[in-house]
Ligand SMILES: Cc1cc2nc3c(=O)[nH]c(=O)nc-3n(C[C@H](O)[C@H](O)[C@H](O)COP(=O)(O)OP(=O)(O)OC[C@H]3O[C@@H](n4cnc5c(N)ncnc54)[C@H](O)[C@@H]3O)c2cc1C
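Below sits a lone chain in structure tokens, taken as the form predicted alone.
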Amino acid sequence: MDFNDSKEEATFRNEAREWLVANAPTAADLNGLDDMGQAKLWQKRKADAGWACIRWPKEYGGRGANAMEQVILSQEEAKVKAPNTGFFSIGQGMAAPTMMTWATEDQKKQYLPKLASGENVWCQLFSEPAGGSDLAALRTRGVRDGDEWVVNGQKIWTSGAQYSDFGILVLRTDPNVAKHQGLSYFFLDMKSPGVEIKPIKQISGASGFNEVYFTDVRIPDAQRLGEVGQGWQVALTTLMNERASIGGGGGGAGFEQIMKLAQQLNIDDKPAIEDKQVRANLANWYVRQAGLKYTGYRSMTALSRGEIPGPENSIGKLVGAPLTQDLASFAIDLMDQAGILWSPESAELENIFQSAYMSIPGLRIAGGTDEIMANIIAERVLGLPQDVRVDKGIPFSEVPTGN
């Protein structure tokens, strides 16, 4: 594994760094804009200059760059003070790769450039209340009516639905075959009649997740991706990209931050960094975070060779999210009574640990629960036997519901 830039990569890194430093929005640029407005301004500026979604083909809004150039750009962008463009992560990281694989050429040219520029925001309508971690157990129905599909049902935990323009959607279109075979995949306009969005209030105080209800919503058959009944295969394309894009991040709460906190706080009138238990925890977290970093480098190396990273990407999410949660919990304990402070103005390190502690449980569910990630690693990386699946091969309509 070579951690050094090649000559071409070093040239690209310098070009990217110079552009980013020269074009990152100033306070005057962002004055009066909300978070979404700031994100759209920055994304459009990048798109106009050819620095948005650079791995995409030029005709879809990118520049035909390679995987390592995308990694380099992301590394350099993290170093400049620019608006958070996370609003576009689902569309660009999950919906777009699925569209590129399964959509028609006309659809790609119509939707992808506006996705790259930030003009349109997309969400992912997969999870359902009765399905738990089993996506294939979904019950939202799609019934064909001529050239349209009539949709009724409910989705839950839909990130960003409240501000999305479009969504990708998996439906049960045939309940009389095995659950994985009766699914079809669509995309829809989130402003369609019959779509109702209800924000879910989270323990962190945010409302990023939503319930989405469908009442006789009509979706043109032309907005189907893949064949009827091929929805599971299309969904796997989305899930593969989702798990590659979700890591164990926790709003900046990492080893460097816990190290800084241990240097600032005291235990028994001595710096916390001198306490044996604190030092043991720091050593443990350093090793675990280093393991995650180098596992990520292996994926980067695979990308640089033109390979597609496999199911081992599940390791990053399975290890990273609990690591951040453990670290944040310890940091709050270390602050003693001050750990209950929430305001960024009064809490240590602008409340990054409190915020991470409240938000990480959601990350341990998003993109597949810890248990799902462990099963993927066990079965597809280690080659262990599959879990017993009692509903395998049974028509979905005959699967017991417990009601």
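Numbering starts at 1 and follows the sequence shown. Being a predicted model, the structure only gives us computed values, none of them experimental.
There is also a form predicted together with the named molecule; it is not shown, and the following applies to it.
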Legend entry - Heavy atom of Trp285 within 4.5 Å of the named molecule in the predicted complex: no
Inset, instruction - Could you confirm whether Ile90 comes within 4.5 Å of the named molecule in the predicted complex, counting heavy atoms only? - result: yes
Inset, instruction - Decide whether Ala235 counts as a contact residue for the named molecule in the predicted complex under a heavy atom distance cut-off of 4.5 Å. - result: no
Legend entry - Touches the named molecule in the predicted complex: Leu125 (any heavy atom, 4.5 Å): yes
Inset, instruction - Specify the contacting stretch among 289-297, 152-160, 110-118, 324-332, defined as having any heavy atom within 4.5 Å of the named molecule in the predicted complex. - result: 152-160
Inset, instruction - Quick one: from Asp34, Asp48, Asp336, Glu371, grab the residue that has a heavy atom within 4.5 Å of the named molecule in the predicted complex. - result: Glu371
Inset, instruction - Check each of Phe214, Phe187, Phe209, Trp102 and return the one that places a heavy atom within 4.5 angstroms of the named molecule in the predicted complex. - result: Phe209
